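Single chain ahead, by itself, as structure tokens, in the form predicted alone.
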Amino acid sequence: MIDTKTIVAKFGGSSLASASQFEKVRAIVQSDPARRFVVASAPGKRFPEDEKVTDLLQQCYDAAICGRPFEPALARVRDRFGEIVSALGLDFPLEREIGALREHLSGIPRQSYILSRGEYLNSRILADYLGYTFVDPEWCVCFDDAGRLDAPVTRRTIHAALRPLPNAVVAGFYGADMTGQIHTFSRGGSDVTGSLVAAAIGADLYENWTDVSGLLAADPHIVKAPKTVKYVSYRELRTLSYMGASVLHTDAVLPVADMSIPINIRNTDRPGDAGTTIVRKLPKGETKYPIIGVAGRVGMSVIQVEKVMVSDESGFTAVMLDILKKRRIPFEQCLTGIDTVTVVMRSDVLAPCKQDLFAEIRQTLNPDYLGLTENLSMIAVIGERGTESCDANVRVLQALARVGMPINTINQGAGKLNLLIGVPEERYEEAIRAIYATIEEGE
């Protein structure tokens, strides 16, 4: 473990989209010597109509694999990086790097390699600008041949790579297997790289710099000026992220949570804002509110299977889930009652196989009733203390009742982390606003 205080600072695509953003990043990094290690994303959008560099690289790959000209998209990639290098006055071998990319596109291109070049180039440029050592995750973020992260090996190799260095910039989003083949995380995966780096060196803090001042208690497109959540637990954050609060990649929580390393979500454009801190245990003196946020997902469907005395039939639910497993159909929730099994899943997953699936359920389970409710939304009311509180649950349900909101499903898991409520999709935003009002009432 590195002995001195250490902060790992990950900067997202919006934070590194232009030369002026690079200048903000350097000011943030240099303002605290503890920010010894930086993880960088590819350039994001500079304005709403702009294109992310990763999207441009995807266009390059799509054109190359189909035998179409990729040069127009590659020229835009070169221009984006060229503007940054020129404005910062760096002596960077951009033409050589673009030439290597062109050569790869002209052969048999690999998508993961092409998509990783945004992070690779941006991180090299940032390392030059900061005067830090560039560390290529191809050397230390380890995947197996199937493209799965090897977390134990990665932790050791990152530690070995960074331990001798006073400062470094690590490219996010990708790594490599033992043969040197590049593999990438899913979009937003630079968050995961940052978390892996923080865990590997035993950092005191993992900062995730983006374009918002922390985690909001509700979607600002639905609720006007929702409050920023000051503290949130690792478990609460994973649920919020899964349900659509996209401030942090869902998988970025696990490596640091295992070591109780706090995550601080900060705003590059407003570095003075405290942001949101994700912790295992709330600091002394801080109030833990019953409900910290509400998030949801639209486009959901509910399958209901009814059969008298289903609870007495050994394995009935297991058979139902086995049907889904064999068809590789993921589901979000499975609720059981005395005579019912209810499965909640995404409508886009169900649509291609709906008829065949229902035919198999009828043939295998011979249900008394098989029903489908579509066009639903699932809303998670999140708070580790909230769902233990009768008052909090009552306030939520009363708020929905006051606006005449039909509730199709309701579920509280044994872990008491969140209350999941299914409502009609066309009334989703109304339900979010009604529930959010109870959060403010409870403070």
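Since this is a predicted model, take the numbers as computed values, not measurements. All residue numbers refer to positions in the sequence shown, first residue = 1.
One more form of this protein exists, namely the form predicted together with aspartic acid; it is left out here, but the text below deals with it.
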| property | result |
| --- | --- |
| is_contact(Ser41, aspartic acid) in the model of the complex, heavy atom dist at most 4.5 Å | yes |
| 4.5 angstroms heavy atom contact with aspartic acid in the model of the complex for Arg270 | no |
| Contact flag, Asn208 vs aspartic acid in the model of the complex, heavy atom cut 4.5 Å | no |
| Close approach of Thr54 to aspartic acid in the model of the complex, 4.5 Å, heavy atom | yes |
| The single option of Arg96, Arg187, Arg362, Lys281 touching aspartic acid in the model of the complex, heavy atom within 4.5 Å | Arg187 |
| Option from 150-158, 218-226, 187-195, 347-355 whose residues, in the model of the complex, bring a heavy atom within 4.5 Å of aspartic acid | 187-195 |
| Partner contacts in the model of the complex for 112-135 (non-hydrogen atom within 4.5 angstroms of aspartic acid) | Glu119 |
